[in-house]
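So this first bit is one chain, no partners, the form predicted alone, shown in structure tokens.
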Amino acid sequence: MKRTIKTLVAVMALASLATVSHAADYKSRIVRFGYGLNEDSNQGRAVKFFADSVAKATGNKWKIKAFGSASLGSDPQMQNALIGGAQEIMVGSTATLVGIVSDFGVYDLPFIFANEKEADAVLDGPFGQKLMAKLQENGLVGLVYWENGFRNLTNSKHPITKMEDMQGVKLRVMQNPIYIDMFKGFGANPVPLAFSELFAAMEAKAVDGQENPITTIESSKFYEVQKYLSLTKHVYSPWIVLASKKWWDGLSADEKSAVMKAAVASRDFERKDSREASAKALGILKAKGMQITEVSDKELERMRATTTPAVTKFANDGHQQVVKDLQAEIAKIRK
């Protein structure tokens, strides 16, 4: 009996030491998490979910300080801050990573994904993870992909029901050559501009319109400066949660594990929230006075046909393998 008690005490002592040792792997940290949209957006809600998950996992030793509305800078500025170690985490568009890893432009090719499930399978599967891994040699660590969503057109001039309606429209696009080539092919006048400058540019009539997912259009209150929305779904746009490699390499194994688990949970939360919010946002935009146009399949096919040169140009510019790999992955999923 005495031996049993001694053994039990010893086991409990070892368990206690293990718990202390494990707890010591979580240092008290303040982590800056920057993002472009406002706090009351699907992006803002997901950042809060991530912050709460990390705090719970680390026994509140970690505090994630969220900085929305591009208060830490545009996506490219935050990417540079992460590379330099001046900021820890951000979420932004994959499109603005092309200046760091040009293969990320493959996600901006028009009319690639048929639906959200297809996009999820590619992003979370071998293709998406392999592409994400390329960031590490450039000072960034990709954690997970979130959903920005299918992009649609808005403008302040007139309804866009066919390509000819885009002639002469000054359309803000991301600072990305594929977007510029795509909208030139549609007949628009593409104007590359940081998202943080977009609302003011539309308000001042420096640009006539823009293209973004429904949730971004609604949460950013673009209805205040835009009258017409055309549902084109011309590109499926992912967001990517990034960490500074300089910062990441200084974390313990337990800290990395806590961050990754929270990131995966936030991904699932954000996608569900985004898809529910998108349906709701469409009703809000209509109630706010936006005129919504369903672009016909025939017109969308015409648009798709004009994008072949943009795809070919991207492939021939050193990206033939990544285009081939993506097309193969999609074909596999569709089977």
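One rule holds for the numbers: they count along the sequence shown, beginning at 1. Model, not experiment: these values are computed from the prediction.
Below: the form predicted in complex with 2-keto-3-deoxygluconate (KDG), not depicted.
- When contacts are judged by a 4.5 Å heavy atom cut-off, Y228 does not count as touching 2-keto-3-deoxygluconate (KDG) in the model of the complex.
- Using a 4.5 angstroms threshold between heavy atoms, G209 stays clear of 2-keto-3-deoxygluconate (KDG) in the model of the complex.
- Within this chain, E218 is remote from the site of 2-keto-3-deoxygluconate (KDG) in the model of the complex, having no heavy atom within 4.5 Å.
- In the model of the complex, F111 stays away from 2-keto-3-deoxygluconate (KDG), with no heavy atom inside 4.5 Å.
- Shown here without its partner, the chain carries E147, Y236 and R267, none of which come within 4.5 Å of 2-keto-3-deoxygluconate (KDG) in the model of the complex through any heavy atom.
- Scanning Q77, S93, S156, N176 against 2-keto-3-deoxygluconate (KDG) in the model of the complex with a 4.5 Å heavy atom cut-off leaves one residue, S93.
- Shown without its partner, this chain lists Y223, F186, F195, F127 as candidates; in the model of the complex, only F195 has a non-hydrogen atom within 4.5 angstroms of 2-keto-3-deoxygluconate (KDG).
- Look at 54 to 62, 285 to 293, 35 to 43, 272 to 280: in the model of the complex, residues with non-hydrogen atoms within 4.5 angstroms of 2-keto-3-deoxygluconate (KDG) sit in 35 to 43.
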